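So this first bit is one chain, no partners, the form predicted alone, shown in structure tokens.
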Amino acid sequence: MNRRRHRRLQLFRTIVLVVLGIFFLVPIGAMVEFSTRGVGINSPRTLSSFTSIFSYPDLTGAIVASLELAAITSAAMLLLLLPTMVWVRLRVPRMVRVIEVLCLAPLTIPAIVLVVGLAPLYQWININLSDSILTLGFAYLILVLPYAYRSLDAGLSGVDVRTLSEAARSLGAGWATVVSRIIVPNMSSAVLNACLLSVAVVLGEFTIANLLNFENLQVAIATIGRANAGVSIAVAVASLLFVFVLLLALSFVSRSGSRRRRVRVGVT
């Protein structure tokens, strides 16, 4: 009976993986086929759409701006959310649910509603501070809070934060040392997952940037798609591959970190 159940479970897993693989790979394959299609009916495949990406100055600037926004948003998210979650768990555990509701609230608010509320604020920022696209980091920080919170919350749930912090504090460590050198290394996978989700959200955001008259990657893709659909699809494929490479790097870093921790535990 155990062998039969194991075989059924393996068959079910295989079917689910195949269905999900088809669901995700077929659209990506269609995008690659369209972006490498030649001009004529019998023309050979070409990579001209990919090679001409950097010939559009506006597109190059939008790619750089989106990458900068992704880095700024990820760093701001960690600086704001991680110390707050650790402090709440240690000092005021009754506020955990309140922080959770506040962080998950952006999921219930449509992007168009957020833009209506943010438009007067950004009008003031553009006049008094700066009109740079990097100011979108404030809005994107709100968007990534639900995804980052869930990832960090899962990591903190698997760590005995109170015991580790009390032990470090008894040895004379400050709160910054406790968070950066004690807690974060024990939940590195959750931190990397939160950063990856933040990068994916920022690179795929369109509504807020478009309605606030900023040109990020997705707005540039939509603009170029009106004139050259092949290049816009090529940029979309390249952005998907970039996120996929980040996911592979995340998995490699997580495995190497877990192996190092196992080796340290074995040595001690």
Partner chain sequence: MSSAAEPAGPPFRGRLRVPSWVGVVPFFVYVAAFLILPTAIVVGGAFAGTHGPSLTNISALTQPYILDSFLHSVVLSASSAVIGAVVGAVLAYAVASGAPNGVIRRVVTSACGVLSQFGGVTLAFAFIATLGGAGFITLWLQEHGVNIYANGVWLYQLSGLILVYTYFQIPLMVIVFLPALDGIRPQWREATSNLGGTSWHYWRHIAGPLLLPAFLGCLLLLFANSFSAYATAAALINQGGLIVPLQISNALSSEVGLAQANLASSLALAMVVIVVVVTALYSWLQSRTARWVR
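Numbering follows the first chain given and starts at 1. For clarity, a rigid core is taken as the largest C-alpha set superposing within 1.5 Å between two forms. Owing to the predicted nature of the structure, the values given are computational and were not obtained by experimental measurement.
What comes next is about the form predicted in complex with its partner chain, which does not appear here.
Its partner chain in the model of the complex comes within 4.5 Å of no heavy atom belonging to residue 61. In the model of the complex, its partner chain lies within 4.5 Å of some heavy atom of residue 222. Contact check for residue 233: a non-hydrogen atom falls within 4.5 Å of its partner chain in the model of the complex. Although the partner is absent here, residue 53 sits far enough away that none of its heavy atoms falls within 4.5 Å of its partner chain in the model of the complex.
Although its partner chain is omitted here, in the model of the complex none of 47, 72 and 75 has a heavy atom within 4.5 Å of it. Proximity to its partner chain in the model of the complex, defined as a heavy atom within 4.5 Å, singles out one entry of 134, 179, 88, 159, which is 88. Contacts with its partner chain in the model of the complex, taken as any heavy atom within 4.5 Å, map within 160-188 to 165, 166, 169, 175. After superposing the rigid core, the C-alpha of residue 212 moves by less than 2 Å between this form and the one not shown. Residue displacement note: residue 27 has its CA displaced by at least 2 Å between this form and the one not shown (rigid core superposed).
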